[in-house]
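In structure tokens, one chain follows: the form predicted alone.
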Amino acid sequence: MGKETPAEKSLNLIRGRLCDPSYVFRPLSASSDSNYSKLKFIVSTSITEGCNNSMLLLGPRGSGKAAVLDLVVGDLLEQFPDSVSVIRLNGLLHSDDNCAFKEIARQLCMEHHLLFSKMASFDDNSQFIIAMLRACGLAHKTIIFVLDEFDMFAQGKQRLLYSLLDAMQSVTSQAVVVGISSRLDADQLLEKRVRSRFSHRKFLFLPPSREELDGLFVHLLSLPADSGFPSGYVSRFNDKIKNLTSDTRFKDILKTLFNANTTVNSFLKFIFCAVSLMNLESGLLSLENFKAALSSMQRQPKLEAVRDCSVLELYLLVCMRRLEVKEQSSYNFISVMKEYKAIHDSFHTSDYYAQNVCLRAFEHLRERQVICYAENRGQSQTGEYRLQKLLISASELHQGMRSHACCPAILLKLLDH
């Protein structure tokens, strides 16, 4: 393999940053008022003072709940290497109580180099977990239980949550339960006996502000001066990034992106798409890269379906749209064919096909879910007599036809009038 060019090296560096949650969320957690600082203070206090705690991290998916918690846990493992043990469960995998207790027992056995028995019963695992909590408490070792998809554990009898929180009422235990959920009402799902033992600490993860995202953009894409890149390349690359952030067209792209989704996860996907489209010859990011990234994230299946239609299928769609304009809200294949024939007789178009060919094209549109049956009644009727309706709007049809490679000009004219 040949030597890596500066462009390839910068591409790999930025991709690595985007895939590293600690690098992404570290600048967003720098404030003393951030969730990272508050969470770290509470958990570290629980470790140093030997007390029990429980809390919930709430916010939309992609807002960084798990990433910030991983940052906190990583820092605490470095700070207290012999005083912290982490048990991770996911509600999508371990919502069943038997499965959850077995998984906790397995992870505890791995952590403390004990022999794990797959044949152990639910009661055996429950007693083992309580005994381990007591033993770790006496050894001044805190067990951090991370329950991802917390709302899934709050279904059913909630035996896992009750057992953990009830065991934490003992002065000999030393544990922290951290639930992660995208449901803001997750704590309201708890039973009364579980809620009475819960600490009711909640951390709300809101999408970052526009200023924070602008700072994150520069943080992720700026190249360091002392990283082995040619100095001229680094200055050109960083200047290009600064120029982009001040470009009004780029700000409009970001505004369009944030109108749809303001989470960090969506922002990272957007940057990753743009970086992947970077021209390796110039080695610089351009405005076109970000435009293409935005369009790839805003895929519209209906427009793509129209762009993939044959010319005959476009004629049928235009006929249905013209029938709707004439306030004919319901129509079947026969009425569409009458409109199709009227267009041919008026404009003498060359694109005229037999009725059986049109019927196959009509059925193909229904298979692709561009049109559908207007009602469930009349199932005994054959397809050409059943009422149909369009599943795309006039603007979507117009936009799809304008981007179609072979759309006849007459169809756009018919659609506009």
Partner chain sequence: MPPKEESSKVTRRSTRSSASVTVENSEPTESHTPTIDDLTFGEESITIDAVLSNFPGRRSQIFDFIRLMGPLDCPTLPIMIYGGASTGKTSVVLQVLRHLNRPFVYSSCRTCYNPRILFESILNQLLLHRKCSLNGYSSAKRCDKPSDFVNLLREALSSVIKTLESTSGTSRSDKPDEKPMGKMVYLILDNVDLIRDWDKGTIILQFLFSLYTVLKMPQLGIILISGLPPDVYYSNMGYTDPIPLYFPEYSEEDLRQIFLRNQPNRKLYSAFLDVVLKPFCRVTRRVEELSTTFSLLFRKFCEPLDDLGISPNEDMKRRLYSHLKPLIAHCLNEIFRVSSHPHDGETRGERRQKASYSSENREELEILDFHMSTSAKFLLLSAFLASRNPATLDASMFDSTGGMDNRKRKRKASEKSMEKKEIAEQEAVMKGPGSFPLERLLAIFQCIASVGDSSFGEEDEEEENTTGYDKENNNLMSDILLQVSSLCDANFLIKSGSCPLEGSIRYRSMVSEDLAQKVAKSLSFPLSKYLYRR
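Note that the structure is a prediction, hence the values are computed from the model and not measured. Only the largest set of C-alpha atoms that superpose within 1.5 Å between the two forms is called the rigid core. Positions refer to the first chain, counted from 1.
As for the form predicted together with the partner chain, it is not shown, yet the points below apply to it.
Checked against the partner chain in the predicted complex, the candidates 332, 262, 125, 173 yield a single residue with a heavy atom inside 4.5 Å, and that residue is 332. In summary, among the residues 287, 311, 204, 120, the only one with a non-hydrogen atom within 4.5 Å of the partner chain in the predicted complex is 311.
In the predicted complex, the partner chain stays beyond 4.5 Å of every heavy atom belonging to residue 325. Although the partner is absent here, residue 356 sits close enough that one of its heavy atoms falls within 4.5 Å of the partner chain in the predicted complex.
In the predicted complex, at least one heavy atom of residue 152 sits within 4.5 Å of the partner chain. By the criterion of a heavy atom within 4.5 Å, residue 92 is counted among the residues contacting the partner chain in the predicted complex.
At a distance of at most 4.5 angstroms from the partner chain in the predicted complex, none of the three residues 26, 87 and 228 contributes a non-hydrogen atom.
Of the stretches 102-110, 236-244, 212-220, 135-143, only 102-110 has residues with a heavy atom within 4.5 Å of the partner chain in the predicted complex. Contact residues in stretch 266-284 (any heavy atom within 4.5 Å of the partner chain, taken in the predicted complex) are 269, 272, 273, 276, 277. After superposing the rigid core, the C-alpha of residue 367 moves by 2 Å or more between this form and the one not shown. Remark: with the core as the superposition reference, the CA shift of residue 357 between this form and the one not shown reaches 2 Å or more. Core-aligned CA deviation for residue 348 between this form and the one not shown: 2 Å or greater.
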